[in-house]
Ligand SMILES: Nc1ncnc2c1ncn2[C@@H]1O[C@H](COP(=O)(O)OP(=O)(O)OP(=O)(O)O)[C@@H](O)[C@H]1O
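Quick heads-up: it's one chain on its own, the form predicted on its own, in structure tokens.
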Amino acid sequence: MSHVVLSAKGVVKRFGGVQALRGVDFELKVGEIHALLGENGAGKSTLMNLLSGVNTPDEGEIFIDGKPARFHSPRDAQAAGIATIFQELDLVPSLTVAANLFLGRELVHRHGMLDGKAMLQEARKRLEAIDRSIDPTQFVSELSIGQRQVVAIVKALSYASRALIMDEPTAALTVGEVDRLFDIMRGLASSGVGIVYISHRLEEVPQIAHRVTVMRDGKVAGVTKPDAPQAELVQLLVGRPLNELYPRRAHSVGDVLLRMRQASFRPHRASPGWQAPIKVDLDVRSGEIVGLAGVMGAGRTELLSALYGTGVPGQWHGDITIGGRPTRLKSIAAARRAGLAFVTDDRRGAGLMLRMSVGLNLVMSIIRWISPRGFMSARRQEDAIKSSFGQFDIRPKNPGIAVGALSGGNQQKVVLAKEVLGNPRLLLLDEPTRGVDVGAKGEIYARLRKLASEGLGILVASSEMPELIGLCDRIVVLRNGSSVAEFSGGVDEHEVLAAANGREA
């Protein structure tokens, strides 16, 4: 694995007055999975765009197999054997898998008619080499996110004879889908394809990477081994130690806000794959952050969505009190009247209206307050937006731009700020830092702790164990929909995992 297939030497890139890259050196070897890490704005995407032909460097050079290469478009990079899979997959949901694989390069008969049979046979052949479970006649809209990622890989492999660049490939995948994707990546690497793997998930790096490059402020902050301590990676990423990422826990908490005793949710009809909460016991107090831990399918998301009324239709049984009063949470309206707010794990699909402005997204949860007589008050709207920008440090500080143009971390800040504007008593958070870089995570953690110190109760579900252990005052473990154990914050990770998997630590 000594031969370098793709490299950048001293590349510089400016966009107007902003210097995105400041003399970056990077190399990818044959059969290597090279992790590229960095906060939003560190320069990862710009470097990726130079390597894939989206942009050209202002200074420095790109090399293929040691020879200088000049890409004027992605087509040039593809011709050189380099393919890129962007975070937003370039697939057409309304077309079949086979049609997507040959989009723009359709096979035709001698007289110019599409050769559907040949494309279907070739698509099936390509898919079987990677994943036999995908039917090429299926519409992409019918596939899971993980299956769509596989289709994107198969499509890219028609170009990627030398290198494959993957931008946040696991951001929206389940644990099982991540494992399957990693198996595919290892197979590709063993066949000689070099892979650039861009991710915010530090815990995945030792599982898949051979080498790690960390970027910060448009430069390479360091190159290290994949098994380097997470504290070392965080130090390279943000320039401060890991122990400064999580704020101090609460020294005292208030009265019980949410109390659940033998609480079960019975759906009106069966929903395959949806784990209903069963005999859940937990408390969340004012000023406290409580975490929900558990393996995939344990019912963390379902518990939050059933409390808020966004899950499948059904009815709660058992004892549930909010602020000491028994409550029946039958709808979103009932949950909001009880003082609950909810941040979904799918901010782009369900948490935000991407084409609308940041400002309008922020005030969506308080329309009645800013419209006292049925007409929107410009002053109240401006005050609310100004407050959100100040509290959550949303960047850029321009409420008029489309929220879809923001980075993942800033989009998540908007989702959080939107819910907090409604002055809830209890905040339900599902994967609050998914797809968010380390620096933005630290900002979100600090803001959540500040909100808790002001009396808000927070119940947070996360698949990132270090996040739960570092952030939460207590951790409740779910298994098969039921609460099975409870730990104080700072507990040893192995104890939580043992409880989640039903074995002794």
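So that there is no doubt, residue numbering starts at 1 and follows the sequence shown. Because the structure is predicted, anything quoted here is derived from the model rather than measured. Here, rigid core means the biggest group of C-alpha atoms that superpose within 1.5 Å across both forms.
One more form of this protein, predicted in complex with this ligand, exists but is not displayed; see below.
Listed stretches are 122 to 130, 406 to 414, 265 to 273, 286 to 294; the contact stretch with this ligand in the predicted complex is 406 to 414, by a heavy atom cutoff of 4.5 Å. Although the partner is absent here, Pro396 lies within 4.5 Å of this ligand in the predicted complex, judged by heavy atoms.
At a distance threshold of 4.5 angstroms between non-hydrogen atoms, Gln315 is out of contact with this ligand in the predicted complex. Residue contact check for Glu39: one or more of its heavy atoms lie within 4.5 Å of this ligand in the predicted complex.
By the criterion of a heavy atom within 4.5 Å, His200 is counted among the residues contacting this ligand in the predicted complex. Though this ligand is absent from this view, in the predicted complex it lies within 4.5 Å of a heavy atom of just one residue from Asp135, Glu168, Glu204, Glu419, which is Glu168. When this ligand is considered in the predicted complex, only one residue from Ala20, Val484, Leu497, Val491 comes within 4.5 Å through any heavy atom, namely Ala20.
Shown without its partner, the chain has Gly435 as the single residue in segment 418 to 435 with a non-hydrogen atom within 4.5 angstroms of this ligand in the predicted complex.
Relative to the superposed core, Ser407 undergoes a C-alpha shift of no less than 2 Å between the shown form and the other one. When the rigid core is held fixed, the Cα atom of Met166 travels 2 angstroms or more between the shown form and the other one. Taking the rigid core as fixed, one finds a CA shift for Lys44 of 2 Å or more between the shown form and the other one. In the predicted complex, the CA atoms of Leu21 and Ala402 draw together by 3 angstroms or more relative to this form.
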